[in-house]
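In the block that follows, a single chain appears as structure tokens, in the form predicted on its own.
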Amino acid sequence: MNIEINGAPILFTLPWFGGINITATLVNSWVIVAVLIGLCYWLTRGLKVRDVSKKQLVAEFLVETIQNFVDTNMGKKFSHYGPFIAAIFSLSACSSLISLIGQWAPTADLSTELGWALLVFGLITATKIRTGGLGGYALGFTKPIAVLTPFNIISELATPISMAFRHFGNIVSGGVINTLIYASLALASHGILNLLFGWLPGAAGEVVRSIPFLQVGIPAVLSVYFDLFSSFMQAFIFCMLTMLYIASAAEE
């Protein structure tokens, strides 16, 4: 299997479209989107005012939770951002958790986080222009003094870059740490068994010394943090930054 520069496996190429490479990032991202759309469709079918089903209770709980989350951090006037924040959180979490079933995680590809960050940056900029007008937005770069204008522009452009690299770095570093620990446990397991059972001769000794006893259980425990907790935490942080940046833009 070919590998792109950014690490995402190339699944196939479309020669009739100029040789466009379709990577696992693209395919898995669309699969996740399709699953989330299907889940939302299923949860919102057959809604009732009375005698509600358990499915409807789950849907109402999810909507109320995300809406309270947005209202608390952004204010009531930004309630309409509820669906957007829910979509970003769901995409981010699922794009990381898909690695648990042996699939390529789209969040392991920097282009995924960068796309989300650019979308958020567009919303931040639109909010600033809507609040203070185009002239007010441009003048904002000259505050508190005009000499700081280049630095203010750099700071503005750094927002999507920092959001993307923060998310990407934490997800990838977790995978790297997991791999290093797993390899270290393999070496430690082999060394301990050689020390304890190196005296066993023949095939019996080889079998005993090849048992990876340190690789059973310990990697699973670490996976709870790096694959589960970290996936939800990074999605939460990305959403929090999104809400804080947009809410702050409306106050400038």
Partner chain sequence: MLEKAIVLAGCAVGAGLALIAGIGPGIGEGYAVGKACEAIGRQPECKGDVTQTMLLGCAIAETTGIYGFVTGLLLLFVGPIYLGGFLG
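Positions refer to the first chain, counted from 1. Keep in mind that this is a model prediction, so the values were computed, not measured.
The form predicted together with the partner chain exists for this protein as well; it is not shown, and the discussion that follows is about that form.
Only one of the listed residues (73, 90, 127, 178) places a non-hydrogen atom within 4.5 angstroms of the partner chain in the predicted bound form, and that residue is 73. Contact with the partner chain in the predicted bound form, judged by any heavy atom within 4.5 Å, is made by just one of 122, 169, 115, 133: 169. In the predicted bound form, residue 226 stays away from the partner chain, with no heavy atom inside 4.5 Å. Contact check for residue 162: a non-hydrogen atom falls within 4.5 Å of the partner chain in the predicted bound form. In the predicted bound form, residue 241 approaches the partner chain with a heavy atom inside 4.5 Å. Within 4.5 Å of some heavy atom of the partner chain in the predicted bound form lies at least one heavy atom of residue 236. Heavy atoms within 4.5 Å of the partner chain in the predicted bound form belong, among the stretches 92 to 100, 77 to 85, 144 to 152, 169 to 177, to residues of 169 to 177.
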